[in-house]
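Before any questions on how it binds or moves, here is one chain, the form predicted alone, in C-alpha cells.
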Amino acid sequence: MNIFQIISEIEKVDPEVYDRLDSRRSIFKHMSGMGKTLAAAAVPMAFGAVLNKAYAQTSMAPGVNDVLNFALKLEYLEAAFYNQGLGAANGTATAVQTALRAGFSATNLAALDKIRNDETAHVAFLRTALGTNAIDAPAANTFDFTGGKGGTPGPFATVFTAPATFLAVAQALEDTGVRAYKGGAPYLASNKDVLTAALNIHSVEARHASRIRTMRRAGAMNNAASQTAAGTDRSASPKSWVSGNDGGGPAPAQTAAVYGMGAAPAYTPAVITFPGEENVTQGGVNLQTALSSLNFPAAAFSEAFDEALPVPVVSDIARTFVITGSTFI
C-alpha cells in the first residue's frame, strides 16, 4: 500500500487535505511513523481512520483556505474604505479626500492613516499566505460605502464628506472584523502558524476599533481622544469597548447585526455558540449572578468579553457596503 501515492492522488482533488487534519509536514511524519509501528495488514485500517477523522471532523465546515479567503474579503473591504476615504498611502489625495482629511485633528488623522496602512498590510499578508488560492482583489466600484448598494446613496450618504459619518462606518467595520476573526479561529486550529497569525490580526483589529471609538467620543477634531466632546452626554458617547449590544451601533437600522447574536451554521460544533455582545455568561457561568455581590450592571460583564460572529452574519453586514448583484461576498 503506497500511502504517499494515495495522499498525492487525494491532494489532486482536495488541495486542503492536509489543512483538514494537520500541516503537510506533520501528516507525512505521522504516516511515516505509522508504517514503522503497525503490521502491514493494519496500515490500511489505520490510514482509513486518519482520513475519516480528517473529513468527518469538518465535512461541511470551512477549510483553512476558506477561512483565510473570507478574512481576505473583509480586509479588501476595509482597505478599500480607508483608501477611498483618505487616499492611498504615498498617493495624491483628490479634492474630496483632502477635504475629508482636513476634518480630522492631526492626532486623529495620523491614527487613521496608520489604520489604513495596517489594513493594506493585512491584505498583503493574507494574499501571501494563500498564494495561488487567494481570491482576486475586487474592482473599486464593487463597494458603495454609503450603504446604497450602488443605487441611490444610502444611510451613510456623507461617509466621505462628513468626518462623523466616516468614523461611524469605520466603527461598524472594525467591530465586525473583531467578531469575524474570532468566529473563524476554531477552523484554523489545524494549522497553528496560520491560527497564530490570524489571532495577531484579530488583536490589531480590536485596537483599531477601540481607537475609532475614542475618536467618535471626543469628536473628529479633538486631539485629546480620551475626552468626551464638550456638550455631549458622556453616558451616550461611545466607549472604547463594546458595552451591551451598543444600542445597535452608530446606525441601528443598519448596524444592529454588528452587535447581535448569530445563528450557528449547520457545520458548527455544538460547543460553539454565537451570543450577542450583551452576553454575560461565559463558560456556562452567568457572571452577573455569580458575582451579584459586586452589584455591577450587566453592561460591565458584557464589556469584559468579545463574542464571535458566524460567517453568514458577517457576510450580510458586509453586503451593506457592496453593490447589488456583486458576487464578491
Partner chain sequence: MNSTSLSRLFAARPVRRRTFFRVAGATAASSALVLAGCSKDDETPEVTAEQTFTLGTGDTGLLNYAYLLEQLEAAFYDKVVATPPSDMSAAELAYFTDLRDHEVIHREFFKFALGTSAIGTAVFNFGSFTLTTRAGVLAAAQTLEDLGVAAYNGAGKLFIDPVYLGVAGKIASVEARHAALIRDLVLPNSFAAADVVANDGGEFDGLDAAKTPAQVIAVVNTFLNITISAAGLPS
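Numbering follows the first chain given and starts at 1. Throughout, rigid core stands for the largest set of C-alpha atoms superposing within 1.5 Å between the two forms. As the structure is a prediction and not an experimental result, all values here were calculated from the model.
Just so it is clear, the following notes concern the form predicted together with its partner chain, a form of the same protein that is not shown.
For the residues 157, 162, 121, 221, the 4.5 Å heavy atom test against its partner chain in the predicted complex is passed only by 121.
Comment: its partner chain is not present in this chain, but in the predicted complex one of 92, 141, 200, 232 has a heavy atom within 4.5 Å of it, namely 200. The closest non-hydrogen atom of residue 239 lies within 4.5 Å of its partner chain in the predicted complex. Proximity of residue 64 to its partner chain in the predicted complex falls outside the 4.5 Å heavy atom cutoff.
For the chain shown alone, residue 102 is not a contact residue for its partner chain in the predicted complex, no non-hydrogen atom being within 4.5 angstroms. Although the partner is absent here, residue 216 is not a contact residue: none of its heavy atoms lies within 4.5 angstroms of its partner chain in the predicted complex. Only one listed stretch (111 to 119, 147 to 155, 83 to 91, 133 to 141) carries heavy atoms within 4.5 Å of its partner chain in the predicted complex, and that stretch is 111 to 119. Interface residues of 159 to 175, taken as those with a heavy atom within 4.5 Å of its partner chain in the predicted complex (partner not displayed), are limited to 175. Residue displacement note: residue 234 has its CA displaced by at least 2 Å between the shown form and the other one (rigid core superposed).
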